[in-house]
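Quick heads-up: it's one chain on its own, the form predicted on its own, in structure tokens.
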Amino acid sequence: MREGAAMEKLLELQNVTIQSRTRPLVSHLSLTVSPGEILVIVGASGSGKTTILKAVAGLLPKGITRTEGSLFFHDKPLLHRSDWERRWKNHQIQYVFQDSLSSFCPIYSIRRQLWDAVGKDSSLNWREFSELANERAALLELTPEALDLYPQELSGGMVQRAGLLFTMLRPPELVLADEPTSAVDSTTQKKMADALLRVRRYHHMAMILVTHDMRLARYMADTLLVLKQGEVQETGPAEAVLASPKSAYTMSMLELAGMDSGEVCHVIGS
């Protein structure tokens, strides 16, 4: 791992299969994530990426169920709703939704919702927390004035960036990020990625990030998992997978992104 994360297991999935009423969505998935590690799951739309995130978060929607396999967090099984609720309450796991607007309440300002979600339980008073929020927002090119607006008053890209602030203000042990940069341009995307990498570096935060963007995957990943229609095509250290892909599907995704398998440039949007 690029940041020297410990080899202990923070999260483990063993032979997990997830199905809808009519078909399997993810088949026999096994993976581990260590503290401080960034695992990027890359694949086309409908490949099962978000389904995996929601299974890890305990947020599978009605009609979709885990039919096989086990999940462990700190070597303890996640079996019941209360197991996940405890992780959420203790801020051990956070979820960054692709549609960040849906994670905000329309009747309170962004700043107020940040305070209610993570500020009240911190050691900071309102003024100190507000200053910290302004500082972290600046990393995402959000002004203090933007934090005092209601979510629906912001552009889609601004809401997407605001959604990352929950993670940046109180870093969890594991963040689950669903296409967090999909609504922004490549310049802003890089700033968002850099902000997440900075939080990982200083707080040893692990992350599972899902994306269809191979350039973002290359920029962020310690470990890369390539998914197609719910089945793992290949997985391993990101640099090794990208330098010498073994799957035709991985090679096709690199070609679609205009990337050569041996390419080592680490600039998003280049």
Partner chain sequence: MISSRKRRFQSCLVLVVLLLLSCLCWQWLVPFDPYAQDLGKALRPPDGVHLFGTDRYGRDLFSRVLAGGQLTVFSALAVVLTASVTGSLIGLICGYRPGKTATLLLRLADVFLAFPSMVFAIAVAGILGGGTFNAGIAIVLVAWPKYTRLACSTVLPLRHEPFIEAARMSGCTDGQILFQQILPLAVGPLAVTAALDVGTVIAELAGLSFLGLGTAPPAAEWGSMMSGSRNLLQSAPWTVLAPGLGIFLTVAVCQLFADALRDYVDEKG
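These numbers were taken from a predicted model, which means no experiment stands behind them. Positions refer to the first chain, counted from 1.
This protein has a second form, the form predicted in complex with its partner chain, left out of what is shown; the following refers to that one.
You can rule out all but one of 104 to 112, 188 to 196, 141 to 149, 157 to 165: in the model of the complex, only 104 to 112 has residues with a heavy atom within 4.5 Å of its partner chain.
For the three marked residues, Tyr219, Ala221 and Ala240, no heavy atom of any sits within 4.5 Å of its partner chain in the model of the complex. Its partner chain is not drawn, but in the model of the complex it has no heavy atom within 4.5 Å of Phe72.
Though the partner is left out of this view, His91 does reach within 4.5 Å of its partner chain in the model of the complex, counting heavy atoms only. Looking at Arg81, you'd find a heavy atom of it within 4.5 angstroms of its partner chain in the model of the complex. In the model of the complex, its partner chain sits within 4.5 Å of a heavy atom of Lys120. Ala57 is the sole member of Leu31, Ala57, Met214, Val232 with a non-hydrogen atom lying within 4.5 angstroms of its partner chain in the model of the complex.
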